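In structure tokens, the next block holds one chain alone, the form predicted alone.
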């Protein structure tokens, strides 16, 4: 009788991870105006940077994770400035195709540097806790807590800070934002740092709750796309609800069907919702 509630709890954890993985992707989509497929590979950059410092060099997990997140932010900024900015005028379709190429370059570089095999962080074994018959590990609870803290912090940043308001203005209308005196280039750089840093945080969590292989980050892109599309490709706040919906749907479905069909469930949920709300959960058309 406790299997279904257990799958529900696991689904909440999966949904919280998807929030962390997708919220930066959606931020880039809003401000930069294209789907950055390479965003998923930034999770791998963070995960394996953290793994290398922690396991190979013997660093404690906290400074290793911090360096991994900062490194990922800088990698994302460099890619944005050196790859996407020069071709921005060619339109979102060209940027989308280019991002696929960037994803393969990053993935290939990770393959070359890390090699094949399964790897794990050097961290204490997960401690399991039981609440009303439902088992949760401390690392799973950490994912839920970080998703909540990140969502609240991002909402405060976007609504209460000068840079956050500039990002919102640019996401709504870049030309109008520029005419109102907003430094578009500075705002774009801040967006790349922030979105890539969020990918870095998701990568650290991925390394914490899963065994690492060099292709694990690329496998996240389908689920990230599912959450982003369900949210409407426009609302950062709808990502929270979309992530939970997709995560819960995928994990609860294991109660009836094999786990290998989880990605199918994710997109089935998206298709069903879009049949009734073509604009997504945000309730407005993407720009």
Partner chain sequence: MNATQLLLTVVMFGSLFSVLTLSLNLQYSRGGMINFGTVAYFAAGAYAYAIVTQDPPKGLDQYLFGFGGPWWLGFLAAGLASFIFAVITGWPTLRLRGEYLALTTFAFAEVFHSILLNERRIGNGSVGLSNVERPSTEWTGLPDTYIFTLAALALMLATMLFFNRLLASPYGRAIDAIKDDELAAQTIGKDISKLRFQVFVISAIPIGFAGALYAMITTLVNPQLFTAEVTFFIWIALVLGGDRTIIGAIVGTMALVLFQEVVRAIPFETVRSAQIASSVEHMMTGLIFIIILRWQPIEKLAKRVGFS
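We call the rigid core whatever largest set of C-alpha positions still superposes within 1.5 Å between the two forms. Residue numbers count along the first chain shown, from 1. Treat the numbers as computed from the prediction; the structure is a model and nothing was measured.
Another form exists, predicted together with the partner chain; not displayed. Remarks below refer to it.
Annotation: in the model of the complex, residues 261, 267 and 270 each come within 4.5 Å of the partner chain through at least one heavy atom. Only one of 98, 151, 71, 208 lies close to the partner chain in the model of the complex, with a heavy atom inside 4.5 Å, and it is 98. None of 137, 161, 93, 120 but one reaches within 4.5 angstroms of the partner chain in the model of the complex through a heavy atom, and that residue is 93.
Remark: of stretches 249 to 257, 62 to 70, 216 to 224, 49 to 57, the one touching the partner chain in the model of the complex is 216 to 224 (heavy atom within 4.5 Å).
When contacts are judged by a 4.5 Å heavy atom cut-off, residue 104 counts as touching the partner chain in the model of the complex. Not displayed here, the partner chain is kept clear of residue 125 by more than 4.5 Å at the level of heavy atoms in the model of the complex.
Proximity of residue 86 to the partner chain in the model of the complex: non-hydrogen atoms within 4.5 Å are present. The partner chain is not shown here, but in the model of the complex it comes within 4.5 Å of a heavy atom of residue 111. For residue 270, a C-alpha deviation of 2 angstroms or more is recorded between the shown form and the other one after rigid-core alignment.
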